[in-house]
Every structure is written in structure tokens, then in C-alpha cells.
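One chain follows as C-alpha cells, the form predicted on its own.
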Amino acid sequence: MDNAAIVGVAQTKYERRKKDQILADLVFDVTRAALDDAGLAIGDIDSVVTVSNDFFDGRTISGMAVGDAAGGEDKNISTVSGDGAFGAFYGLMRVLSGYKATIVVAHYKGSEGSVPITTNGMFDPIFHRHLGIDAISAAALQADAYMARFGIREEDVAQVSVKNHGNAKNNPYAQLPMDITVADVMKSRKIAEPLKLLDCCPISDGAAAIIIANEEIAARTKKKPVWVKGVAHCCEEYFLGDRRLSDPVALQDAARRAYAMAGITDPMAEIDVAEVLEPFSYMEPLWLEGLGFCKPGEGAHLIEKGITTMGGRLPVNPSGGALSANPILVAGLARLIEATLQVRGEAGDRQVKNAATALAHGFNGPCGQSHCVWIMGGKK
């Protein structure tokens, strides 16, 4: 495909409640910061993609409320109602179809709504919604299916929470940086069997933005362009009962396509760092299996062997991941921003040494119904 690069990034600090800012304030701040990061003016942008959702925003046509704050006046502007990684995919398509530069902005304020009520709305209204199922209880079903199939213990997945909250101590944007132990996770309050409080992400407020540009614009930006080497997204069945929840086939397909585009044949050997969207602790090993870093059922062993720690062969979620801050819709875009910073060499205390190729991942829908995988690199 034609060359396109991420040339500007910005994100807010993620917090439990940003009571002094409305959504338009958050969007304006990250829009301006992404432009400053790239050394561009709003006039250099000819396409805008906002990422929002009517359920989460509590209003219809939610993207219209932030379009002007994202610099959308007199520009081609559209909205993606889903995770920010998919919004970025749409922004990339804009650039590849002829636009010079697209800014993609995602926002979310979990403090202003009820996550169980809003995520209940993604289930079938005839058969499932009235049962009260939501994102957490659905994840519990998936965790139970995954752990039972492969004989994985709760202590095994608790290691993910320990690692990621510890990594978050190096991330100034993270909401929950802290030192915890496996025992702390195991003792935390049960939310939905087998998930406990420290197996689950927090409720978060925040926003993020990226600028994707063609080669002409990328040649004159302030920061090192980070090039899109491969990207793909795939989706599987809507009904949970029609899927094998311990087998993320959509992620496997998306990963294969992204790797093929990037020319990657051995992801463990060729990828230096991965930012994976894991609002629940069991998701990180399950997604690592789907991404082809190990065989099914072996994801939890990667952390036991130290492979996914900061000093390991494949550091996963050096930022602290979604377990340390999960502004829904923004979280996948944050993974892409973190991957970009790693390739730039600008990730600060969470920087992975010699990170030349980074993977970023986001997903939509209950239990990862659809997945989007990005491979980013420092060279065209």
C-alpha cells in the first residue's frame, strides 16, 4: 500500500473523574496538543475523524458535539462509533484515498454514566439484554471458558494485573500506577466469577488524538514519522453462544493479515514491543495467543517466564495497559499512541530499548467480537 505515517500524538492524563472539563474541552486539548507535537497547523489537516458513541455520551449524533473542538470546521468530518483503533483505521483509509492528513480524536467520560447499563445495550434486545448481561459479566463467561479449557489458574492471570499496574508507575498518563502482589489480586473483592476487582479495569475519563499523514506532510513534520507497516481488522459472530469464547478467531485473522502486509513471519522474533487492549487480566494472555506469540493455552506462561515483562523478549503493555486506565473508545487509540512513542524512542521511563517495530491492538464488542491490529515501524 502507499506510505502513511503517524506524525502527531497526544493524550490526556486518565482519571476517575474530570469534573472541570466537558468532552469538548478534552477534545480541544488533545487536538491542539497533537498539532503541536507534529509541528502542524489546523490548516494542514483536511480530514477529521471523531470517535464517539451515543450510548456513552448520553446524546444522539454524539460526534456533532465535538466536531468543532476537533478542528472540523469546513473539513470533511465523520465519526466512528467504536474503539479508537478502528477510528484510526478509518483515518488511515482517508489518507490512502487521497487526503493529505487526518486527525483522529477519541473521547470518553465514564464518570458521567453507568458502564453496566450502557454496555448492556450492545447485546441482543430480544433474547439477551433483559438478562442484565453487560461487558463485565460477559468477560467473566469468557474468562471461565478460557481458564477451564486450558486449566489456567486465577493466580496465573493475576500476574498480568501485577505486571501492568507496576508498569503504570512509569507512565505519567496512567490512572492506577501501584505495586500489588498476586495475593492482593486474589484477596480483592469478587466482581463476577472468576473476576475480582484487581482483575478488572477502572472507570476512566480522558481523550486522545493522532494525526495520520501522507509522505508529503510527513516529510515536514517536527517529530519522527512512524510508518504504518501493516494493519487489519476482522469480526466474528454477534451472539456469544455462536462463538467459542476461548478461541479468538477474529484476532487470529486480523493478525495474519496485518503480519502479511508488514512482511512479518515470526512475530515473537520480529516485534519488539506490544500494546494490547486488556480491560480484564485474562485478556492479555488470550490475546497474545490470538496474535500468534504462543500456542493456545500458553499465554499465561509468557509472563511466568518473564518474556512479557519490561526486561523480557517481548514487553507487553509497558504503559500499564487498560488495566491501569480504560477510557472506553479511547483505550485502543492510546495503545496506538504508546506504540508510536516506543518507535520514536520517546516513551520516557517506559521506553523499551531499541524498539523498532511495535504492535498495537484494539477491539470492539463483547469478549472481543472484532479486533484491529496495527504494526508500526520507523522506516518506510
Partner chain sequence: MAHQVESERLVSVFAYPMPYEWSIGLYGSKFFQEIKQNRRFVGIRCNGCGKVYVPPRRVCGPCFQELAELVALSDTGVITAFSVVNYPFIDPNTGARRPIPYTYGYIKLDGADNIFSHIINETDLSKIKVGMKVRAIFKDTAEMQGNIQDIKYFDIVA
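If you're wondering where the values come from, they're calculated on a predicted model, not measured in any experiment. Numbering follows the first chain given and starts at 1.
The same protein also has a form predicted in complex with its partner chain, omitted here; what follows describes it.
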| query | finding |
| --- | --- |
| Listed range touching its partner chain, judged in the predicted bound form by heavy atoms within 4.5 Å, from 262 to 270, 107 to 115, 194 to 202, 80 to 88 | 107 to 115 |
| Distance check, Asp349 to its partner chain in the predicted bound form, heavy atom within 4.5 Å | no |
| 4.5 Å heavy atom contact, Gln369 and its partner chain in the predicted bound form | no |
| Interface membership of Gly345, its partner chain in the predicted bound form, 4.5 Å heavy atom rule | no |
| Exercise: Asp46 in contact with its partner chain in the predicted bound form, heavy atom 4.5 Å | no |
| Residue among Ser52, Thr340, Thr31, Asn317 with a heavy atom within 4.5 Å of its partner chain in the predicted bound form | Thr31 |
| Residue (of Gly206, Gly290, Pro225, Gly71) lying close to its partner chain in the predicted bound form, criterion heavy atoms within 4.5 Å | Gly71 |
| Contact set, 2 to 36 vs its partner chain in the predicted bound form - heavy atom within 4.5 angstroms | Arg17, Lys18, Lys19, Asp20, Gln21, Ile22, Asp25, Phe28, Asp29, Thr31, Arg32, Leu35 |
